[in-house]
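Encoded as structure tokens, the following chain is the form predicted alone, with no partner shown.
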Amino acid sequence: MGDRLLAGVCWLAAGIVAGGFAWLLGDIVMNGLGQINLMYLLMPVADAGRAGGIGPVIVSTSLILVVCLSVSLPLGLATAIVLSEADDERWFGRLVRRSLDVLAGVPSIVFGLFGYAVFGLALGLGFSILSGGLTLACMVLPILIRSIEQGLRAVPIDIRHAAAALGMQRWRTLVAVLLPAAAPGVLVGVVLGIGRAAAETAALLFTSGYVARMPDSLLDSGRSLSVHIFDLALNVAGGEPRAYAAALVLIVALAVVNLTAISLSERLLSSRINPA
């Protein structure tokens, strides 16, 4: 009886979450799908977003994400390797992990103020795509590091022992054995990082800015999709239909990234289980 009751509660909770997501997605699709066409995706913003398209916004968002991943992925991978290889009892590893857990819960507005003070003012980058991308890199690093670290720790210890028994050096074992085996965990971290970065608004208001024109360089200000949605929904009279359309574009882009990562992860797992 207790097992059935617990199972019923779990299914009810899952149904509530799925129903809420379906309602939210359905509302966005119904209100935004009619606004989307090829010209909307390519044309520049006009009339404060009530007309034209989101071509420059898509380019700015893509550049911000490229800067974010270019900085956060190498740093996150290197830090995760150090943490996964370090002794759990060492004070340094414990300190870094606790710091990452704290940073993962810091509100995004705090990262935005940090990015504005450090990248915008101290380094003189101002409101720019580079400043926004670096700020987002700081935001996603905790999630990225912890996800990759767990992926590396999930590799069975027998694999390490087998590599050592074959006389492989430690760095060779890491590059040729552990990292390929932990690739699905790395992909999970990248997907989570992209999801948080692409949907971020508060931090980018203080760093990348509002400008909706096509950027000429990384030092130009650029409006991300999330900031564009925020502006249309709250600051532009009559901008709600275009806000729905931009939100639908963002959801579809995130869904494509997630599906691609899932497909790559399944292929990597399949290649490990059934090597050619």
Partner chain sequence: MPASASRLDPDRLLTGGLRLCAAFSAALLILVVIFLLLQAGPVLDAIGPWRLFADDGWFPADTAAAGQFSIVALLAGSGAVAFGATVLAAPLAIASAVFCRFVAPPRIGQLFRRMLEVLAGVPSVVFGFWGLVVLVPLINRWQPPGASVLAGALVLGLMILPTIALLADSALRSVPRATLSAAAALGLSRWRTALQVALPAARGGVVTGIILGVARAIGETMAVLMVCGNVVQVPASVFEPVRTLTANIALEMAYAYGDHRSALFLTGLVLTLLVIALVLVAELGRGANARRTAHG
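Keep in mind it's a predicted model, so treat the numbers as computed, not measured. Residue numbers count along the first chain shown, from 1. Throughout, rigid core stands for the largest set of C-alpha atoms superposing within 1.5 Å between the two forms.
Not on display, but discussed next: the form predicted together with its partner chain.
Practice item. Look up in the predicted bound form whether residue 161 has a non-hydrogen atom within 4.5 angstroms of its partner chain, and give yes or no. Key: The answer is no: residue 161 has no heavy atom within 4.5 Å of its partner chain.
Practice item. Indicate whether its partner chain has at least one heavy atom within 4.5 Å of a heavy atom of residue 257 in the predicted bound form. Key: No, no contact at 4.5 Å.
Practice item. Using a 4.5 Å heavy atom cut-off, state whether residue 28 contacts its partner chain in the predicted bound form. Key: Heavy-atom contact with its partner chain at 4.5 Å: present for residue 28.
Practice item. Answer with yes or no whether residue 45 is in contact with its partner chain in the predicted bound form, where contact means some heavy atom within 4.5 Å. Key: Although its partner chain is absent here, residue 45 would stay clear of it in the predicted bound form, with no heavy atoms inside 4.5 Å.
Review point. Of the options 211, 36, 251, 66, which one has a non-hydrogen atom that comes within 4.5 Å of its partner chain in the predicted bound form?
Key: Selected option: 251.
Exercise for review: Pull the contact list for 209-248: residues with a heavy atom within 4.5 Å of its partner chain in the predicted bound form, in sequence order.
Suggested key: Going through 209-248 in order - heavy atoms within 4.5 Å of its partner chain in the predicted bound form - the hits are 226, 229, 230, 233, 234, 240, 243, 244, 247.
Review point. Core aligned, does the CA of residue 34 move at least 2 Å between this form and the one not shown?
Key: Residue 34 C-alpha, core-superposed: shift of less than 2 Å.
Practice item. Could you tell me whether residue 15 and residue 195 have their C-alpha atoms closer or farther apart in the predicted bound form than in the shown form, knowing the shift is 3 angstroms or more? Key: Farther apart, by at least 3 Å.
Point to revise | Distance trend in the predicted bound form - C-alpha atoms of residue 17 and residue 195, change of 3 Å or more | key: It is farther: in the predicted bound form, the C-alpha atoms of residue 195 and residue 17 lie at least 3 Å more apart than they do here.
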